[in-house]
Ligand code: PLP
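Encoded as structure tokens, the following chain is the form predicted alone, with no partner shown.
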């Protein structure tokens, strides 16, 4: 192997003209995609390996024009997508990449800052502090709590339970049998025993069945994944205060509803929590990923995560170093997209969108309840309806599969009281009554075809 003293030729210097042209082409592609996504099949029909089979097995030797990538998006990538940004995506919890958030993601990538500490990018830290204060005001959370952004509720819950472990190591984590798997996963990662608690007739965790003295943490859910039930946070807070267990509220989905005063009944007791998580990327129209975590005990998070290596000395003047409050060292500028969404919608716009989703869910539940051979299987406090057709679990699963295979909509199911039920989760900004009506007709046709 020989070594040359000649510098390598560079042809990758920033070309403002080429960037401008490519940027316009990319924005035009995004415009076309958002305009046509309602006409695309929501669930990708491709089989495993179909996308990779269309792509080269080895990387290119020389750089390619950006236009080649855009062309491959249309012919290879889009057919292999399940379109989460589709107005008839009704599985799991529907999400929206709204226009302000999409544009903010471009700006985040352009600045490409790492907000590990205040010093590594002061604006990133201070904007994150500000936007968490704004959001707390919109939700009606207590003033003065520490707030910061993680990627997902999985990480936020991990951070909260790690803080709990610093205060009460060796105990168990208690959560509803309908709690999200992220709670169990966090307990596993932290070496804490995980114990599920049975639910009542409305699928709410039984506060009287928790062994508070054996608990490191108790995790009630505001808006469970299966039914969006609301656990009795105030009663659970009573037990935690007596024993000293940490109370972490998982409001990843339904916490966004707190922007509407009439839905703040589900906030009751959360002001007594040690930590609360809400995901704006679920029902607050912010592109994934963006999970907001508040705590009234930031010193416990700092005890779990703070480190002071020589190359990352504390920022001067008492400035906040957000790396000390969660698992990640590197931190994207996620606050910018949340800031853009709140400014773009305003309080009134956020309230209007969430109220419409709640209205559409209630309307769909009325249709189901009025249709012979169908039933609503759980209360509908927010924008998710659990329902089923008369028949076996296999028949109901077949109904979902027929609708999903048609491309008209994408739904998922869950088990309640040992029976399979269908879930329709409304949460996309552009979902209309017609989208819900078309999906209902597809469900009825699928049931008749069986």
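Predicted, not measured: the structure shown is a model, and the values here were computed from it. Residue numbers count along the first chain shown, from 1.
As for the form predicted in complex with this ligand, it is not shown, yet the points below apply to it.
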| item | value |
| --- | --- |
| This ligand contact at residue 231 in the model of the complex, heavy atom, 4.5 Å | no |
| In the model of the complex, residue 101 touching this ligand (heavy atom, 4.5 Å) | no |
| Contact test in the model of the complex: residue 252 vs this ligand, heavy atoms, 4.5 Å | yes |
| Residue contact check: residue 153 to this ligand in the model of the complex, 4.5 Å heavy atom | yes |
| Listed range touching this ligand, judged in the model of the complex by heavy atoms within 4.5 Å, from 193-201, 343-351, 280-288, 233-241 | 280-288 |
| In the model of the complex, the one of 166, 266, 121, 180 near this ligand [non-hydrogen atom within 4.5 angstroms] | 180 |
| 333, 364, 294, 93 - the one with a heavy atom within 4.5 Å of this ligand in the model of the complex | 93 |
| Members of 212-226 lying within 4.5 angstroms of this ligand, judged by heavy atom, in the model of the complex | 221, 223, 225 |
